[in-house]
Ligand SMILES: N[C@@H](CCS)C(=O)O
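The form predicted on its own is given below as one chain in structure tokens.
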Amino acid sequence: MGKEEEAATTLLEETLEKAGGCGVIDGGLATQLEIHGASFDDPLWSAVCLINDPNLIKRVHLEYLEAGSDILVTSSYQATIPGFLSRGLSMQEAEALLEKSVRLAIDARDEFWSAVNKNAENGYNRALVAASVGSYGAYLADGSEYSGIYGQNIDVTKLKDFHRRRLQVLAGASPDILAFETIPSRLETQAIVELLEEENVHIPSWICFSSVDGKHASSGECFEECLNVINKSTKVAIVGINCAPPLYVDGLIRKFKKLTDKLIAVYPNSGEIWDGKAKIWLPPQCSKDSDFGSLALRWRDSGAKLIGGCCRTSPGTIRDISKAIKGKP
């Protein structure tokens, strides 16, 4: 591990230590943007706000910091170069929007920290910024991040080609972490791990999987296959689960603890189920913010080192998680 990687990893470790051993990830970005009036009838989903209303993204980042987040995830989940190009933007404009997603989070973090760090009793930590890298399925916008069915013509090389330039731009914007999210399969896991090596990325990465049954990756593959790929990588510091129902999380943490020595992150959705074809949310199995506080304690005790929320969770959710596992703010 080089000096840059050591420094970045140390920063992550220090943040977790200051948080009491378990850090808090923020919650659903699109959910909160919609509450403030944003509309996402667009294949770019929440990333359309990078074009239409970037100040609203910063506002939501600040709300999550106020709620107690130690990790801010950027608005780049569905922000891809092909997606922006299809909207008629130039390559330069597309790359600038990716950079902006990181800058908005960094600016929010720095502004918030400048305002609160004079009072050591307030319980806040200087948050880290995680640059979101959505799966190939997120770009397709057809729900395939929850199936892993990308078609017969997609292989490791094509997935690396898809992710490469976005990874380069996001890493160049100096986030603290690279967050690969809702990864559905061993194939895409392999592509990411190889790409991190080829690009010699010095920023700690996390790879979080989707799961539709609480036992397997969304592709149906066993997690042991996926984690065996990750365990060989020094570039990936964190593994976990995102945008899966809360009831699956505890069992998956325990499973992952047996399969890897990497840090474990979990940030489930509210329990509502996304129908990718109909593009609607189906009724929840767990969506009360107060439920997440008690669940977070269980997840921490099972071995999770980072806990937050994904789709349909809010600053209220994150506040309850933060209060539960840190007793503050």
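Note that residue numbering begins at 1 and tracks the sequence as displayed. Because the structure is predicted, anything quoted here is derived from the model rather than measured.
From this point on, the text means the form predicted together with the ligand, which you will not see here.
Peer 1: Report whether all of L65, Y124 and S322 sit within 4.5 Å of the ligand in the model of the complex, measuring from non-hydrogen atoms.
Peer 2: Looking in the model of the complex, the three residues L65, Y124 and S322 all stay beyond 4.5 Å of the ligand (heavy atoms).
Peer 1: Okay, which stretch from 86 to 94, 239 to 247, 252 to 260, 218 to 226 lines the ligand in the model of the complex, with non-hydrogen atoms inside 4.5 Å?
Peer 2: Going by heavy atoms within 4.5 Å, the stretch is 239 to 247.
Peer 1: Find out whether any non-hydrogen atom of C310 is located within 4.5 angstroms of the ligand in the model of the complex, and reply yes or no.
Peer 2: So C310 counts as contacting the ligand.
Peer 1: Does Y150 reach the ligand in the model of the complex, with heavy atoms at most 4.5 Å apart?
Peer 2: Contact with the ligand, no.
Peer 1: Find out whether any non-hydrogen atom of T182 is located within 4.5 angstroms of the ligand in the model of the complex, and reply yes or no.
Peer 2: Judged by the heavy-atom cut-off of 4.5 Å, T182 is in contact with the ligand in the model of the complex.
Peer 1: Check V73 for me: does it contact the ligand in the model of the complex (non-hydrogen atoms, 4.5 angstroms)?
Peer 2: Residue-level check for V73: yes, a contact with the ligand.
Peer 1: Sort through A265, C49, L29, A296 and report the residue having a heavy atom within 4.5 Å of the ligand in the model of the complex.
Peer 2: Only one option qualifies, and that one is L29.
Peer 1: Could you list the residues in 31 to 53 that come within 4.5 Å of the ligand in the model of the complex, counting only heavy atoms and keeping sequence order?
Peer 2: Contacting residue: only W45.
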